[in-house]
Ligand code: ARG
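In the block that follows, a single chain appears as structure tokens, in the form predicted alone.
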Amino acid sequence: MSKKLWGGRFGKKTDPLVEEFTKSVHFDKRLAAYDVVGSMAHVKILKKSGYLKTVEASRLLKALASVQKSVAKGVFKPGAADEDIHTAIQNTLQKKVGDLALKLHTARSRNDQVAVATKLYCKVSLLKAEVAISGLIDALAASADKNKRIIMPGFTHLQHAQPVYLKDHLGAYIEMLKRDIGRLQRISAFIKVTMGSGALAGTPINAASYFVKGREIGGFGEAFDISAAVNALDAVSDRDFVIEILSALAITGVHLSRFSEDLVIWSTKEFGFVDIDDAFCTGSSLMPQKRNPDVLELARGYAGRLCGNLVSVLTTMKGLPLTYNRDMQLDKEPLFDSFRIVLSEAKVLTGLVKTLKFNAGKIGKQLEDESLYATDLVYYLVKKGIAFKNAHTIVGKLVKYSADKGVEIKHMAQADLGKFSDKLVKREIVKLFDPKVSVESKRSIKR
């Protein structure tokens, strides 16, 4: 039967309904590798402070290394009765080294233990997310370079606005994702892994003993250094770092959703700007002609769950008194879920982007829309001394006349153009209805 990390105070066994309701091992088992590293650090702290003899510390470290290997191989299995991963590891150690394992919990509480394992998991997962997002950035940059000569209609309100380079449209998402990586890096740098808070009030061990270099531990320990908490109450009750991560991942998810929506629209028959590779589409069980962009639709849909995970933890934390409360157990599933979603999205979208084929012909057909060059006409008049607002009005009336009469501006007679302004010279303005002339006239952009 699995032993708990508590129980002396109680005269009855826990009701099975309570056991089932409160257990978390089915999801917090993901923290196993990180909890082991935290325990290794704690062994070193206990040895430095005199609570463990050298031979005892050696035996515990050897046993923990054995657990670490089984976790890495995926063969570590918590017991069915273990309430959480911390209990599962403790019980496994007791099987390996007997009652010596009971000394490991000296000057330690699960409140502190959970915070350490969660922070370490976050720091490692933040790095994984950074790598995955960087891969997507590289794929977008390669696609932008491959299609650098393609000019497309730019959109505002999903209406034709002005011509832009396709590489600049893709580049906008690169800039978003770079900001996402910056957010993740800042959050990781801000996360300080501390020990020594105990349940909330600190421990009898001197603060200096809690300084442990990550390289002394190995494994995931290389990702962090440990120090004593500035405020023990805050250390066990703080989940700001979880909320910040969920916020950053939600923003990333929104960026990926917007990108996915662009590709969904562009892949329609009505647009035909892009072909999505068969390997990243699915079919219909009824309509044999269908090629559905399900990957993109799911990436778009997952943004809702990422935002929901953030709201879930914010709502959980908003009314909690100091210090630790069991409600905080509920931060793990949203955290794990958000990391899983963003990592999987970044990876699958990287593959999808690498196989995208842009249809220059169909995109070019859209550039025949004269309204795309209306702003260029305004600047043309401004250069001839007409105030911008007046030039804006003149061109607006000209565009309306063109639409009402069904005649393109570049095909209007000089006399008709003169009705709107004597500054409009046909032989000059026809040169403006050129997408390359339009995009290259925008000199404020760093290219």
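Residue positions are given as counts along the sequence shown, with the first one as 1. Predicted model, so just to flag it, every value in this text is computed and none were measured.
What comes next is about the form predicted in complex with this ligand, which is not displayed.
The stretch in contact with this ligand in the predicted complex, judged by heavy atoms within 4.5 Å, is 108-116, chosen from 365-373, 108-116, 179-187, 277-285. Using a 4.5 Å cutoff between non-hydrogen atoms, Asp84 counts as a contact of this ligand in the predicted complex.
Of the heavy atoms in Phe259, none are within 4.5 Å of this ligand in the predicted complex.
Contact annotation for Ser24: at least one heavy atom lies within 4.5 Å of this ligand in the predicted complex. Mapping the unseen interface onto this chain, Tyr324 counts among the residues with a heavy atom inside 4.5 Å of this ligand in the predicted complex. Taking a 4.5 Å heavy atom cutoff to this ligand in the predicted complex, the contact residue among Gln329, Gln94, Thr316, Ser247 is Gln329.
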